[in-house]
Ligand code: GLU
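Taking the form predicted alone, here's one chain by itself in structure tokens.
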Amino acid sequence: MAEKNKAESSKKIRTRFAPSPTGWLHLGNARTAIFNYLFARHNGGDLVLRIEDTDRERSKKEFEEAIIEDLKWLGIEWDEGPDVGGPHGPYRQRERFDIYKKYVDILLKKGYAYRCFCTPEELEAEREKAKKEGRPYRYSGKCRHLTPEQVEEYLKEGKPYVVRFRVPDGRDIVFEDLIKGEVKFNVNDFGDFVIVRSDGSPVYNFVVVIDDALMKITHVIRGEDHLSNTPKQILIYEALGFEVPKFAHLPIILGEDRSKLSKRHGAVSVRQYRFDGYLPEALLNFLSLLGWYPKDGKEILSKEELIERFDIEDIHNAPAVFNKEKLYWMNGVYIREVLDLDDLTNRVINYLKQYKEHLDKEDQPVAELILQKPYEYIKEVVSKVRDSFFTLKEFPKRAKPFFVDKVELTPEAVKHIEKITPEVAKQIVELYLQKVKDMETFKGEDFKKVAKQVAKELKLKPGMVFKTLRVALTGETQGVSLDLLVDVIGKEATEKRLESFLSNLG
């Protein structure tokens, strides 16, 4: 026994992520991919990417390409897969049908599977009977006992059939889940199950076993929703003489109201978070903490730190709660504290180039103006406002005053002018403009000093003066610190904006 344990521990760990290309990569699947990746890398193992595209109607090439692109964007790398190849391919299930047929034939020959010729009407009658008797439905096993001659006769008649796995009666399937501990299922809960449909296509529970065994997967880490599939798969492993891998079923993800995670909780695709200006490092970091937490309690972790700290034994069995506000906060931390200024500036520029159409409509013209400016100017603006935006998508809105030539007043700004009267607004701006013109240089550090002088001379509250100058320079009643603004746009642009405001005031 000790020798067996030693051999198991010395075997190279191999995990896999096997998405179906029937839609975009959603957050639950992304977390599964991340946990497989972290576990493999932490233990010096391999990660295999396999595309489960047996659903011919819903599987699309565009979704496969998008999933691969989004995984790479998150920073996940794999050692084998449809795009990089490997010794255990092909890595798309639709290219492996000949392999599956070989193992179906083995199961039929050894008596672990049989052809079932029951019609849909017969099966429906069985279901109705079970319903009336108040018991869960399981197939009666009617075709289990067909003689070889009967099977041959039905085949000659061209009678359609499915292939079912012959489940041993009354047995308990027990396995040690790396997260949930000992799990037990009785085979009477499900009965003989289909492994090949009547159209000849193999089903998930069969093909996943063949793929995992032939690809030498040692650890199957997947969502809790697959837990009920595990006993069926273990039976197939045993029937074919394959070594059963270790299983780990990840806790489900709930919304903050403790209901099943859905779009109303912000559970959209990874791609949507890209469109919304989230950083891959922040999303990777956040998803890693859904169900797992490092022993040292540190939350902001680089990919390398996640790999170093990740321990599958620290994954909680309890459901994980998705908190979109925390993701938003974490993304802001990466923008303010983690990325260096050049990196952040390049990300802002690339985001605006790639995803301009995903900006709010009013921010799209601002994005055009930003992209027309030289890199060093954009970088300076980023340095001034990085504390005020939490996603790349928010940058044009926060940075707008640095890039617009013509200032347009918001409804709130108009109300402010009406409240203090246009005459008072004109007095404030005219006096301020005159003082700026009289100065040889005008920097951000001078802004407040001059504003206080204006307030004192006009016997007005400083707050009123500051707000009026903000309206004149930005068209808004709140936003970026004006000392930062004038420090970037300079004396000449400041004078032009004040003159333009006075001109429009009449």
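Sequential numbering from 1, following the sequence displayed. Keep in mind it's a predicted model, so treat the numbers as computed, not measured.
Separately, the form predicted together with glutamic acid (GLU) exists; it is not shown, and the next lines address it.
- Query: Taking 4.5 angstroms as the cut-off for heavy atoms, does Leu284 touch glutamic acid (GLU) in the predicted bound form?
  - Reply: Looking in the predicted bound form, residue contacts with glutamic acid (GLU) do not include Leu284, since no heavy atom lies within 4.5 Å.
- Query: Would Tyr204 count as a contact of glutamic acid (GLU) in the predicted bound form, using a 4.5 angstroms cut-off between non-hydrogen atoms?
  - Reply: Answer yes; at least one heavy atom of Tyr204 falls within 4.5 Å of glutamic acid (GLU) in the predicted bound form.
- Evaluate Lys232 for contact with glutamic acid (GLU) in the predicted bound form, applying a 4.5 angstroms cut-off between non-hydrogen atoms, and reply yes or no. No, Lys232 stays farther than 4.5 Å from glutamic acid (GLU) in the predicted bound form.
- Should Lys400 be counted as a contact of glutamic acid (GLU) in the predicted bound form, where contact means heavy atoms within 4.5 Å? Residue-level check for Lys400: no, no contact with glutamic acid (GLU).
- Query: Which single stretch, out of 132-140, 318-326, 110-118, 219-227, brings residue heavy atoms within 4.5 Å of glutamic acid (GLU) in the predicted bound form?
  - Reply: Going through the listed ranges, the match is 219-227.
- Task: Consider the chain as shown here, without its partner, and state which of Glu52, Glu476, Glu64, Asp46 has a heavy atom within 4.5 Å of glutamic acid (GLU) in the predicted bound form.
- Result: For this set of options, the contacting one is Glu52.
- Message: Which residue, Ile195, Leu392, Val208, Ile370, is the contact with glutamic acid (GLU) in the predicted bound form, using a 4.5 Å heavy atom cutoff?
- Response: Answer to the contact question: Val208.
- Can you name the residues of 84-123 that have a non-hydrogen atom within 4.5 angstroms of glutamic acid (GLU) in the predicted bound form? Heavy-atom contacts to glutamic acid (GLU) in the predicted bound form: nothing from 84-123.
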